[in-house]
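Just one chain is shown here, as structure tokens, and it is the form predicted on its own.
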């Protein structure tokens, strides 16, 4: 990293930390100054105290672990399925013609509607939550991979064919490497959407996880508990996103740093 990029990173980090401090300060004292009742927006200290109580009494660590495991499983399976279908229909016009109507119908159907159906089929287990996450993660990953395969330079493919390259060689030498940046862009989106899918499943029919705590806090009119669940869900999603970025930096090490870290 040169001096200019290093200076830019320092300024960006400093500004980000300053904004966080301003936000936390406003959260702590803003509701009181604006005379907002604590049952609507509790101050930061009340949320922190509730988090400590939930950690010691309500099994916050256990529920966070359940949600994180469901997010990881749904994200991995949804990404693998989306990438596989994206490569398949990107390389085969016949497969695209046959599968596109069904994939489009699956995407149009609201994912929330599938959660009660999955619960009826599999009960109050982790599987309905993982399935909803798979459905949500699948489409952005598939679309990014499909778009990447379609935009590969045809001259490169024709050149490879002129040198008698086999179909598998064309895929692994040309199409797959070209699809990696868009694939990781889809994975970034999928890592956050996986949290949404899991929470939807836990809200509809969960007996464990942060979505369950969210629903329980709502039923108890415990606003601080709801905020704690939201913060923990944000942390889970942020860690999933960070994991994708770290893998991307390792795999796409040949790209400029700014291109890798861009949102």
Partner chain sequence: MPDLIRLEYRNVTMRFTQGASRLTAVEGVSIAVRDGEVVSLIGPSGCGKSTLLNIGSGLTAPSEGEAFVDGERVEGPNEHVAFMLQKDLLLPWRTVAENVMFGVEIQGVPAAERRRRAKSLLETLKLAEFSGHYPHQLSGGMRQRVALARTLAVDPTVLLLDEPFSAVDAQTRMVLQRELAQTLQRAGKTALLITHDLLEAVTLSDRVLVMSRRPGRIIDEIPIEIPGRDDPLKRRLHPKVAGYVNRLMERLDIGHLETTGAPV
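Positions refer to the first chain, counted from 1. Everything numeric here is computed off the predicted structure, so don't read it as measured data.
The discussion below concerns the form predicted together with its partner chain, not included here.
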Residue among 169, 92, 84, 151 with a heavy atom within 4.5 Å of its partner chain in the predicted bound form: 169
Answer option from 88, 72, 165, 185, heavy atom within 4.5 Å of its partner chain in the predicted bound form: 165
4.5 angstroms heavy atom contact with its partner chain in the predicted bound form for residue 177: yes
Heavy atom of residue 160 within 4.5 Å of its partner chain in the predicted bound form: yes
4.5 angstroms heavy atom contact with its partner chain in the predicted bound form for residue 117: no
Proximity of residue 122 to its partner chain in the predicted bound form, heavy atoms at 4.5 Å: no
Interface stretch in the predicted bound form with its partner chain - options 97-105, 72-80, 177-185, 140-148, non-hydrogen atom within 4.5 Å: 177-185
Residues of 130-149 having any heavy atom within 4.5 Å of its partner chain in the predicted bound form, listed in sequence order: none
